[in-house]
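There is one chain below, alone, in structure tokens, taken in the form predicted on its own.
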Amino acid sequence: MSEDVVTYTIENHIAWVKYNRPEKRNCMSPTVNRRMMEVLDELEYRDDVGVFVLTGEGTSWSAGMDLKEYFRENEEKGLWATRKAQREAYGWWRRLRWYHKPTIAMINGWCFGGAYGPLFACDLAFAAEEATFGLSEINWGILPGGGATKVAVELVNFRNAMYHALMGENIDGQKAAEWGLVNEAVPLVKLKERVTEVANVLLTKNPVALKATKDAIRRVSEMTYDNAEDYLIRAQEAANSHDNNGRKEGIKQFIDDKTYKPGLGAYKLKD
């Protein structure tokens, strides 16, 4: 069943979403891509979900696009099928980039090629030191498409991005963290613990402010300073008007109640 290729559980307001094709190293087929869009729909506005974590069943996060089902079978059908498959894949990655909840990629194993799309789409990323990252496209005669080249240039400096794409060599989680593909790398046995720790911190933050901040980080990276300044003023005003007095409550708890310090943690959200 298509539902089986992506699974999820919800624990303490954290949605643990898994690619579930371990026998295929969790590579993304058209069925996976369609199901992932459904899962995003199902979880985005649930009150019992505050953080979305994407990981993989077994020893892989995702080995990228399914070469047989995504490439060969669609190419045999014609250009219309290829374009449809691309829309389905890029569509859920785009949706994940602008998701309503904060998102975390938990890279537990192989992360290759097309998997760089959802890797970049997640707001934060944590990897096992034992994980393996690679842009192997050059080894089978194509360029890193599907946004993978853009992801490399966005997250990695120019020389490392060029080396990564041209050489087709793999790197481990520690090197991925050094290069900036992920925030941190920890031993695999501690990976879920670390991601849970980060997710629990996010759950203490104002959700409207989280969404506004997520969007701001992505938007201003493509703006001039003046345009970013103007955008951020408008975004702050919009967040304040939608925030159910969140900023006022935070200031009250700091100045009047003296119950917290902004530099040392978040104010207490009202139930």
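Numbers for residues come from their place in the sequence shown, where the first is 1. Note that the structure is predicted; figures quoted are calculated from it, not measured.
Separately, the form predicted in complex with a small molecule exists; it is not shown, and the next lines address it.
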{"property": "Proximity to the small molecule in the predicted complex (heavy atom, within 4.5 Å), stretch among 119 to 127, 75 to 83, 157 to 165, 133 to 141", "result": "133 to 141"}
{"property": "Contact at Lys24, Cys27 and Trp110 by the small molecule in the predicted complex, all three, heavy atom at most 4.5 Å", "result": "yes"}
{"property": "Option touching the small molecule, based on a heavy atom within 4.5 Å in the predicted complex, out of Leu67, Met37, Val220, Ala209", "result": "Leu67"}
{"property": "Close approach of Gly114 to the small molecule in the predicted complex, 4.5 Å, heavy atom", "result": "yes"}
{"property": "Ala63: touches the small molecule in the predicted complex, heavy atom cutoff 4.5 angstroms", "result": "yes"}
{"property": "Proximity of Phe71 to the small molecule in the predicted complex, heavy atoms at 4.5 Å", "result": "yes"}
